[in-house]
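One chain comes next, on its own, written as structure tokens: the form predicted alone.
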Amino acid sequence: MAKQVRIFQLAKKLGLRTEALLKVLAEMGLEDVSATSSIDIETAKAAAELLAEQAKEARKRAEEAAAAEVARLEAEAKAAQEAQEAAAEAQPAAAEEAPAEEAAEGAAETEEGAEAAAGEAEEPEAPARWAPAWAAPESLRTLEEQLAELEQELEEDDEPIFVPLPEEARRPKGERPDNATDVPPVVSVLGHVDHGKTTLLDALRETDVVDGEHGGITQHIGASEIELDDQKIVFVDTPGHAAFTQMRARGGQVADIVILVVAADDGVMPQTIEAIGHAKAADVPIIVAINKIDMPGADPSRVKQALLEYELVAEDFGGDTIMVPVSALKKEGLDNLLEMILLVAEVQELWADPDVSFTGVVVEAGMDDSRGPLSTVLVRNGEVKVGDVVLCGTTWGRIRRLNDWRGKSVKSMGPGHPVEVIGLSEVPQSGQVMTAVEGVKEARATAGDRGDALRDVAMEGNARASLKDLYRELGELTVKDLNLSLKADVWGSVQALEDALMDLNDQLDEIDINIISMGVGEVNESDVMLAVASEAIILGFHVGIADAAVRMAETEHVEIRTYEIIYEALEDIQAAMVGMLDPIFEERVIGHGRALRIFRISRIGVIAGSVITDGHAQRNAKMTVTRAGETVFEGTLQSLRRFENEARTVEAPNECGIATNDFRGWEEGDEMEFRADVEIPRNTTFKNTR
């Protein structure tokens, strides 16, 4: 499979707004893609080349504009000199020589000024309106260097840009050692929202998770086990909501088998297609569970037919994809589904080495008020025990407690099983690898080195000139910033919310969403202090707010919003983005009137006693006066009176006095049309986030 790169990651590498990159891809004929879509290396290289070409063209246009301006200045200087010389020749011969000398000196000064202006135009020290691209030559050179760097990286086959999970987080491969032990298959349940994934898992493991989910949507990733004929299966449930793309991808990457749940009464939907992509990218076998066969309008054959488009061919259609009709609600077809899972797992011959050092992958992580940082870890190799010192990314700790998937305390956990780890110093990020180390000193030192390296990379990235910054300098991009600080109960939700917000960010050019900080746990005083410094709004997802943070937020006027369902948060941010947009005004006809009687008052002028026939008239509105179908005046309504008082507006069918200093030739019967700039509502449509 050709190496792929996510569009938003490619844009980040280029220092470019994802929306701008999507426009470039659209010019190349790729219109049906989004920020999270993947493109192959050749397409990415072509996009980079096109961007470089556009940058060169922008520079060329700027140079041409600068040359034209230099020519204009020289022409003006020459014309000024010729005018001076002509004026000097026109003077009488008997005139004193002093004025002529002064004129010559003035012409010389003009010529020197033109030369100086030309020199400044050739090497400007500050941005100029007529030479915008010269305003930031270093930015353009930096952009070209980044494009060259990207092209080089894309060509290195052994170093792809997008590596979802480290190799040590994957299943062991190669020759099976003598001491290897069989491990249960890890099954990820993927599919579209509301197609019955969690209900299916509830039926298989005889739990009741759906009733506990907010809005009936699974918003976390969980790991659980079931046993069938002395054989165990590990299930990883993932959300179906559109915002949880990254969590679904992670579920597909740690899985040995993917169960693709498709509702028989709904068919293939956007997250269904995305799940197929995740499974194929991870090279994981797919079993299709055609759910809701008991519902009216259910048609499993139609689902099988639709899946043909995505190269999933059912066995009864002559293919090799196992498709099992089930009803999670009525618990029909579940035994057959489990048997198919075990059959596929048997073919894969899954194993692990229990004697090597512990290695696991973090499936989910969060913060508990009483227990501290928590992480659900899928053990890949070795055995993890209470008291082990472990390292995970930039965090470390000595394990105080281990819980199995039901929450029961255990002393150790072998390979192939999920376990909850308690005892880390901080909350690790989902998808990171957890390993056992010799002692606390080594763990602390390694975590510190990794943290320093990440900070260096972050500082280097901030120092690079981005194309967006260049556009800002050129005056071609005017955006407003919406700064947000994110807090959630688990890292997966933080990442999902970040991805969804970045998708919104790319849908509206005028607003730039900046994620100032992300974290897990309740909103605290530090979050509020950071929000004050960055003028940010705090978004909390499944978290509470500390009392001290509430008081500080009230004092500092910091807005804190908390949510239980992710699409409610996204809808609020959409509304905020629309509210930040600059209003659009359009000149429209607001009313008509007719002159009934003309009054001529010496100290005031001519007043047209009028009646407003429809709409309204307002002071300072644009006014057109017609007589017998011909326009006799166009100007501004300067004075509007109702009885003896000045009025701002007069509605139909009232009478009023109308006057303007620019027109005094009123006659009875004159028709008037009033126009004014009216604010037009912004009809901004966002892509569906549900």
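Note that the structure is predicted; figures quoted are calculated from it, not measured. Start at 1 with the first residue shown and count on from there.
Not on display, but discussed next: the form predicted in complex with a small molecule.
Is residue 607 near the small molecule? Define near as a heavy atom within 4.5 Å, in the predicted bound form.
No, no contact at 4.5 Å.
Taking any heavy atom pair closer than or equal to 4.5 Å as contact, tell me whether residue 328 reaches the small molecule in the predicted bound form.
Looking in the predicted bound form, residue contacts with the small molecule include residue 328, since a heavy atom lies within 4.5 Å.
Verify the contact flag for residue 188: yes if a non-hydrogen atom of it lies within 4.5 Å of a non-hydrogen atom of the small molecule in the predicted bound form, no if not.
So residue 188 does not count as contacting the small molecule.
Using the partner position in the predicted bound form, report whether residue 295 sits within 4.5 Å of the small molecule, counting heavy atoms only.
Yes - in the predicted bound form, heavy atoms of residue 295 and the small molecule come within 4.5 Å of each other.
Which among 198 to 206, 511 to 519, 538 to 546, 426 to 434 is in contact with the small molecule in the predicted bound form, heavy atoms within 4.5 angstroms?
Stretch with heavy atoms near the partner: 198 to 206.
By the heavy atom within 4.5 Å rule, which residue out of 487, 192, 380, 278 makes contact with the small molecule in the predicted bound form?
Of the listed residues, the single hit is 192.
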